[in-house]
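A lone chain, given as structure tokens: the form predicted on its own.
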Amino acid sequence: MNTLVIDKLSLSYGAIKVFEGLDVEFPSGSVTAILGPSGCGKTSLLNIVAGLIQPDSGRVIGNKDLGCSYCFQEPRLLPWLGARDNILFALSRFSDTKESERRADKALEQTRLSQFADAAPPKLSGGMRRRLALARAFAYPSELLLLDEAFASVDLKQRIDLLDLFTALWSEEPRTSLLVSHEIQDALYVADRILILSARPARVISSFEVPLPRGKRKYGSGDLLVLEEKLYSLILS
């Protein structure tokens, strides 16, 4: 796997400077959570890495070699297609139809959606649509995974279920993953490293390594609360 590098990245929206000479590296095969105030450019950063928008200057090194899967803030599922066909649509650029079908069926099984393979997204609950978005992202063969608030808009129990599901999928098929979130505990629960961005123009004000192995993390546990307190002190300092 290649290291993903953000090199002297600058981006403005009119007079608003979002980034100005931003430099950051994302270790290969790791999960990096990105925290920061609303409007600081977290989603813009993911969109630049994905190639959806172009920076004013600077470059992203390594993203074209990795291939990219993206879980957006909204699941962005096609409402007229069933769950399985939504995944197959994402895989339609690949010529090996049988392999695409195998990956789609495996992803549905992993996310407990096999019995809903023919159900269109409007027939699925919010949590199920989130699971389908994860299934589609992991079914797509890539070495880079971008997640923008991929666990939001569900209740706490479903959010923990989604985080556990992400961890299980990632453990079976590790990818360099960038996770944008407003939830500090979500970041602590799944990430290897947490980057804290400042307000605009955004810069990395701290890089926090999560010392606990994923298998020993429990949502809301004392160990995570201690780390959460340290993170708050970094964010508020």
Partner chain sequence: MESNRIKDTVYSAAGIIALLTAWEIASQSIGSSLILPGPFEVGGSLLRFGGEAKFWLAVLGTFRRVLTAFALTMVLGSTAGVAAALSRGIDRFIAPLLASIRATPVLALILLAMFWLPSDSVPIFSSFLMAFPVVFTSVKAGIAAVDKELLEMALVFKVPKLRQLSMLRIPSASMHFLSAMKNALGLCWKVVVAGEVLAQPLRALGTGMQDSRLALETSEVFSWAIVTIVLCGISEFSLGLLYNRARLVRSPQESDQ
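Positions refer to the first chain, counted from 1. None of the values given here were measured: they were computed from a predicted structure.
Although not depicted, the form predicted together with the partner chain is the subject of the following passage.
Although the partner is absent here, Thr32 sits far enough away that none of its heavy atoms falls within 4.5 Å of the partner chain in the predicted complex. Interface residue remark: Ile61 is not counted as part of the site for the partner chain in the predicted complex, having no heavy atom within 4.5 Å.
With a 4.5 Å cutoff on heavy atoms, Met128 counts as touching the partner chain in the predicted complex. Though the partner is left out of this view, Lys106 does not reach within 4.5 Å of the partner chain in the predicted complex, counting heavy atoms only. Contact with the partner chain in the predicted complex, defined as a heavy atom within 4.5 Å, is made by none of Val204, Val210 and Leu212. For the candidate set Ser181, Gln185, Thr176, Ser69, a heavy atom within 4.5 Å of the partner chain in the predicted complex is found for exactly one residue, namely Ser69. Between 49-57, 193-201, 166-174, 33-41, the stretch whose residues reach within 4.5 angstroms of the partner chain in the predicted complex through a non-hydrogen atom is 49-57. The partner is not shown here, but in the predicted complex the stretch 80-97 reaches within 4.5 angstroms of the partner chain through a heavy atom at Trp80, Leu81, Phe89, Ala90, Ser92, Arg93.
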